[in-house]
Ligand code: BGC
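What follows is one chain in structure tokens, specifically the form predicted on its own.
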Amino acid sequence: MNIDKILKEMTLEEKASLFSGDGFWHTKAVERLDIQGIMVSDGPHGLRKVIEEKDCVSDESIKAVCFPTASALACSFDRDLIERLGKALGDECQSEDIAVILGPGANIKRSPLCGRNFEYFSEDPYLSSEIATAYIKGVQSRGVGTSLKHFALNNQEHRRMSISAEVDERTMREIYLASFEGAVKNAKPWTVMCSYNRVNGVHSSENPKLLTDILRDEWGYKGLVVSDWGAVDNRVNGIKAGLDLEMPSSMGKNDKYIVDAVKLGKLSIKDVDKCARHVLELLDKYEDGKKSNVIWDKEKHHKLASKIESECMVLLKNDDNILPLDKKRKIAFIGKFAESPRYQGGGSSHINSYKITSALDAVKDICSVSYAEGYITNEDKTDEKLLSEAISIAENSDIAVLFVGLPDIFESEGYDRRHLRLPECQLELINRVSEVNENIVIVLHNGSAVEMPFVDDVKGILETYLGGQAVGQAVVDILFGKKNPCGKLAETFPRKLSDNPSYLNFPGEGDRVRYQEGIFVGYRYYDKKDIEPLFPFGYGLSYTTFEYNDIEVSKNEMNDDEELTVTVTVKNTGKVKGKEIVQLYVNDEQSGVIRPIKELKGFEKVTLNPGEEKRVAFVLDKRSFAYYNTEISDWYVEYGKYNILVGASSRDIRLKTSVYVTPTNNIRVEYTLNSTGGDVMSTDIGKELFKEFLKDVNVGFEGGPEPIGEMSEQMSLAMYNELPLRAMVSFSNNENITREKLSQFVKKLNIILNSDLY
């Protein structure tokens, strides 16, 4: 496609027509110039392609394969696995002539109450960004586009089309935008979808700071920006801000506003041409990537869905090694979800699954189990007959496996959860069954974290999240030891809702929600507040055990534009083959700003046979040690000692080492007379220069010219920690300490810190 030529030939009206959809799922064609429209489809864990029948569109979608949802996928911590999923989805899109699948969702799990959390990856921006990157690379390797969504700060369903997320710059950059940044830079999604909400009062769809200043100018994004369906407020302002495509169709209404705005001089033709180019480039990518005769093997993808889910499930508890189950024992499956699993969420991502495998279906190939329904799925009251049947079967079984979780009415796109509890009928079922059988295993089907008042009354807990249409097969494979659980939590499970950092500010008041917890989201908060969670971020058990040894770093001091390699040895010390997710966190030992105790900056999943050991390597760059400094509007690394922590979860650190990191090149925080002694002494060079200055002006330590009694040098320097440099004139009788000499010291300090030698 010769885009420059087409742009010259297009009329203003034709360009404007490209900027909104043709119906719900297509872009507009321009027949005069032979520009064809394309079709997009809801995702992200399967195709929700609506059925088109001649001139009408059905409410029904095609039969498709439902893979595990994002909440499960992130627990795999497996980039290769997620990329494989993306390739399968890309092939499906090619088979169905879909140009763009609308996903993945990279929004942060600010609160476990968000009704759409099952579509999002994690509370941690690094993990979220890495998983999103793998997904995008997989899909787009098949010549099909993705739509990274919902940009940005779309963290609740309550008043989602009008709410304003009120957030400070540092929090926005370090947590909520960082979740998108890596995926944009490293995977280059064909499209980015703006969110419904406002950010600090401005609609995302017409927010130039988000769509142009950050997304395009800072991150270098070259693709198309599309609105979420119905997210547009002022279309002309949207074009000015960088919104290329409005979905769905505006029925030509906004086309006229665009044309009139150009004619009246209220909208630049350059902005119009820029958006038109982005639309045409998307169409061109589709034509270049289009393949014919791509076969969609639904049965093969069904098996892939099972394999993926088996890598994602998290074993949370396994007292007395109750799992894996011994098929020779009398086993009961109790709970409606054993027969009809809840395997996906409600809303735009809901897949019309061509096939569903339940645990009851899958277990038939292994052994005979007793079954009791236990409860009615979409009711929150106990059915006494079903409860009695369940108790009776549990009494006569060696082990009772209870399949419980959240029904559709508890979580969905469109509304948020009100609490973290399971339905009361399910909680009563667990309590009553545990009274008659001490060998209880819980299998959870839920899109987000839940409270577990039963945690001490059961021996086993297996978290499946919403595991896709083959979840039953994957569950049975784990329960009976055909596969070893290897997933770990991508979010913290609090003991109670009020422990969550957003508790006092979610979902906001009126049309404002204040992100007053700042950067302390998820484990960052629980660590800082020293709150013991129910299950920590990164946690998950295995049927084997792992030992960590021999941490090494490639250098002890890291300068600008360098990378640091960290290696550790991991050994399988158990009796079965297993996979371990090794996690690396960074801790700033003495920061001049408030920072989390540790932050995830690396992870690797390693497969080990019994007795086998492997070296696992992580590569850290300068950004791994940085925080967003609002004074310089950029990422900044303080000079100092940083601890490298490697472990099995955020609360299970096995190895520790440290490295000194120099400040970010060409980005310095200038010292002034209002800087404190503590500011100056926050770096080794600053501390040495300050001590040298004190010596020069005849202020000594331990018996120096200005007596300080029996104080040590450390105690003496501590006196200056909170004292502004200018105040030394007033607090010292030493005539050598003058404002002029202090100014000379500050000047010297800044020159040295900004020199190439430092």
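Predicted model only: the values in this text are computed from it and were never measured. So that there is no doubt, residue numbering starts at 1 and follows the sequence shown.
Heads up, the form predicted in complex with beta-D-glucopyranose (BGC) isn't pictured, but that's what we're talking about next.
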Note: beta-D-glucopyranose (BGC) not shown here; in the model of the complex, the stretch from 293 to 301, 142 to 150, 362 to 370, 254 to 262 having heavy atoms within 4.5 Å of it is 142 to 150
From 524, 342, 160, 110: within 4.5 Å of beta-D-glucopyranose (BGC) in the model of the complex by heavy atoms is 160
Of 404, 102, 332, 461, the only residue with a heavy atom within 4.5 Å of beta-D-glucopyranose (BGC) in the model of the complex is 102
* To do: Answer yes if any heavy atom of residue 480 is within 4.5 Å of a heavy atom of beta-D-glucopyranose (BGC) in the model of the complex; otherwise answer no.
  => no
Any non-hydrogen atom of residue 228 within 4.5 angstroms of beta-D-glucopyranose (BGC) in the model of the complex:
yes
query: Taking heavy atoms and a 4.5 Å cut-off, does residue 25 contact beta-D-glucopyranose (BGC) in the model of the complex?
result: yes
Within 4.5 Å, heavy atoms only: does residue 499 come near beta-D-glucopyranose (BGC) in the model of the complex?
no
Whether 126, 604 and 654 all lie within 4.5 angstroms of beta-D-glucopyranose (BGC) in the model of the complex by heavy atom = no
Applying a 4.5 angstroms cut-off on non-hydrogen atoms, the residues of 112 to 133 near beta-D-glucopyranose (BGC) in the model of the complex are 116
